[in-house]
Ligand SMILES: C[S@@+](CC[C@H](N)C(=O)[O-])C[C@H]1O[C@@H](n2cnc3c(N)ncnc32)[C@H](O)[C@@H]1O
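Single chain ahead, written as structure tokens, the form predicted alone.
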């Protein structure tokens, strides 16, 4: 171990030792996975649905295979689109995932559920026939101003309603979830949302494709990927799938697993100065009626810009100094970061409870900045986890050539911007894999 729970020198604090350690870390090229092709990083079900800031499956698989044995429990408290869960299943581990976002839960559920291919293909044939012949009753007419805002073409919106109504008539929950995932992924294409933007931006010149054709293309791709998954997943897992996977739409501070039982945690938490997941997934949220108020929905997320007025213990001197520096630039952002660090500390306490002795927590995170102030997420997390009782096992610095992240921030506002803006700074040139151990 490079550093421990106590300073190695009498005249240096834990904070200084952490900062010094990070400053001297060299990039480990073996963790960049630059050699992996797009086909390799999107194999089996990983390409079902677009998702921002996801790590590649090869990263999750390497951590799982290096730090657990077959049959052990692997948990992802911020499972996102389910990368860790799927790789746990492929490696014959038990995958347990949690996410507060119902869209993430839906995607992860679809991606981690192998379905007998012929059964799924038969259902698609029936669905396709019913849509083509207008053999659908009780078509849902979803009235919502925000849907009209993104889907101004009433005829295209009607066709989407027909597809969704037919999907909701499927009795088998797993098959219905599969098709709902596919429907969710075409919503951006079928709306006037600017395709090249992760931010909610309208493109009034956008040519909207025929909904059923793009849905058909999406499902045909997913059918091929499901067949690959069904054929490649270990037979022991396939025959006992309900014993190997458990997903929950819930809070990362309340993991659905017994204390002292988890062998490994692999996760990539949200960034406080980064995405608003409620905004990114609002099309699915609106169509599936997960929430009638995006402003209320946002309040559920750790790392969101819409927090309660509450003061939480940060548990990190580095974090407190960052909050103080931000206060001079932007008081609102300072409060958000303080809340973020406080809530993440609560998540780490829960992780510590659930891990068994010598179990490890692998946190994939990068530092970022806001209005010229460095937000050292990785360093803060390490100090928080040390103060909770973790030991440092290893810290890896990696480049992120394959991770889908915005690369440019405006240096004045701290917001992500286009590369055409001349007043720009790199947002995430690298990130860290923090590996902490419960002793």
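Numbering follows the first chain given and starts at 1. Note that the coordinates shown come from a computational prediction; the quantities given were computed from them, not determined experimentally.
Keep in mind the form predicted together with the ligand is missing from the figure; the text below concerns it.
Novice: Considering non-hydrogen atoms and a 4.5 Å limit, which listed residue (314, 302, 318, 283) is close to the ligand in the predicted bound form?
Specialist: When the ligand is considered in the predicted bound form, the option within 4.5 Å is 302.
Novice: With the ligand left out of view, which of 244, 229, 215, 78 would have a heavy atom within 4.5 Å of it in the predicted bound form?
Specialist: When the ligand is considered in the predicted bound form, the option within 4.5 Å is 78.
Novice: In the predicted bound form, which of the stretches 165 to 173, 124 to 132, 252 to 260, 189 to 197 has residues with heavy atoms within 4.5 Å of the ligand?
Specialist: The contacting stretch is 252 to 260.
Novice: Check 150, 184 and 208: does every one of them have a heavy atom within 4.5 Å of the ligand in the predicted bound form?
Specialist: Negative, none of the three is within 4.5 Å.
Novice: May I ask you to check whether residue 88 falls inside a 4.5 Å heavy atom distance of the ligand in the predicted bound form?
Specialist: No.
Novice: With a 4.5 Å heavy atom cut-off, would you call residue 74 a contact of the ligand in the predicted bound form?
Specialist: Close contact is absent here: in the predicted bound form, residue 74 is far from the ligand, nothing within 4.5 Å, heavy atoms only.
Novice: With the partner left out of view, is residue 54 within 4.5 angstroms of the ligand in the predicted bound form by any non-hydrogen atom?
Specialist: Looking in the predicted bound form, residue contacts with the ligand include residue 54, since a heavy atom lies within 4.5 Å.
Novice: With the partner left out of view, is residue 351 within 4.5 angstroms of the ligand in the predicted bound form by any non-hydrogen atom?
Specialist: Answer no; every heavy atom of residue 351 is more than 4.5 Å from the ligand in the predicted bound form.
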